[in-house]
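Okay, so here's just one chain, in C-alpha cells, the form predicted on its own.
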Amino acid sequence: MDFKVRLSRFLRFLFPLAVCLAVWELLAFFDILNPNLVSSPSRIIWKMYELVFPNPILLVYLGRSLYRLALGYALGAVFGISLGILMGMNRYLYWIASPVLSLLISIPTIAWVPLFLFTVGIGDETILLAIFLGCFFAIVYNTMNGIRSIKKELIWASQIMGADRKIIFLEVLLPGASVSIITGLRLAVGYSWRALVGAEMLASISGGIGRMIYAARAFNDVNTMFTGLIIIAVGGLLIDHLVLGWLEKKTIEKWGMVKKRE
C-alpha cells in the first residue's frame, strides 16, 4: 500500500480522537470540569511520566495485566472456538449445550469473582478464570452461529464433488464461518479487558492496571485512575487493530468476504 494512503488513513483515524482530547483539555483548563472528579489529558500524560520515571511501576503493572489478558484470552479463544464448532456441526450437542450457555451468559463476569475467590482463592488463578469467562461466551456463540449459517447446498455440492468430511470442514465450514469467528474474537477483546480490570480490583496480590485504579481510589488520586482507564482503552484499541485487524486482512479481507477498509 502506498505510503500516502497509509498516512491519510492514519490521520483520518486520529482526527476525531484529537478533537475530543482538545475539547477535553479546554474544558479542564477553564475549570468547567471539576479537577477533583475529572482529570485532563495533560495531567494524565504527566502522571504517566511520574509512574514510569525513575521507577517504572506503571510498566510493571501493565506487563502483569497483559500477561494475564493474553493467557486468559488464549484459553477462552481455544475452548470457545472448539466448542462453537462442535455445537455448530452436531445438533445433539447444540440441543444439550445451548440452553446451558444461554443461562450462564446472562451472569456478569464480575459476579463470578467472589465465587472464584471462595473456591480458588486470591491470585492469578481467579483473574484468569474471570478473563476466560469474559471472552468465552462471545466466541462460542459467534463461532456456532457462523457454522450453522452456512447453506446446506454448499455442503451438498462439496459432497457431490467427492469431498470428505475433513475437506468440507477445512475448505467449506471453517472459511464460511471465519467472518463470525473473527467478530467473536474482536468482541471478546473488550469483554476480556473488563473482566481483567474487575478481577484485578478484587483478586490481585501482585499489582496490575485494575489494582492500580482501585488503590488510587483510596487516595482520591483521579489522575492515576484516569491513567489506568486510558491505558485500558488504548490497549484494547491496539489489540483490535494490530492483532485482530492483521488477522482479518490475512483471511476474510484477502478472500473478499468483507470489504477492504478505505
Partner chain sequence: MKTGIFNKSTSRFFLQAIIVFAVFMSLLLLWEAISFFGILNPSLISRPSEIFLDMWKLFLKRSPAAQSVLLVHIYSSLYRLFLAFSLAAGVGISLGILMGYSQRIRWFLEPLITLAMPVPGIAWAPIFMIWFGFGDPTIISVGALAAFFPIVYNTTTGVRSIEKEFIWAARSMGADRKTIFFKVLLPSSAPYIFTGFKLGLARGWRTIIAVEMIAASLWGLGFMIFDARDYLRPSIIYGGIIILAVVYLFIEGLVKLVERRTIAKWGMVRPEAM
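Bear in mind the structure is a predicted one, so any value in this text is a computation, not a measurement. Superpose the two forms; the largest set of C-alphas matching within 1.5 Å is the rigid core. Residue numbers count along the first chain shown, from 1.
Beyond what is shown, the protein has a form predicted in complex with its partner chain; the following relates to that form.
The closest non-hydrogen atom of Arg194 lies within 4.5 Å of its partner chain in the model of the complex. In the model of the complex, its partner chain sits within 4.5 Å of a heavy atom belonging to Trp95. Contact check for Val100: a heavy atom falls within 4.5 Å of its partner chain in the model of the complex.
Contact annotation: Ile110 falls within 4.5 Å of its partner chain in the model of the complex, judged by heavy atom distances. Residue Leu115 is the only one of Leu170, Val78, Leu154, Leu115 with a heavy atom lying within 4.5 Å of its partner chain in the model of the complex. Out of the listed residues Leu51, Ala28, Val222, Val60, Val222 is the one that sits within 4.5 Å of its partner chain in the model of the complex by at least one heavy atom. Considering its partner chain in the model of the complex, the lone stretch of 67-75, 135-143, 82-90, 160-168 in range is 135-143 [heavy atom distance within 4.5 Å].
Contacts between stretch 4-26 and its partner chain, counted in the model of the complex as any heavy atom lying within 4.5 Å, involve Arg12, Phe13, Phe15, Pro16, Leu17, Val19, Cys20, listed in sequence order. After superposing the rigid core, the Cα of Ile44 is displaced by 2 Å or more between the shown form and the other one. When the rigid core is held fixed, the Cα atom of Pro35 travels 2 angstroms or more between the shown form and the other one.
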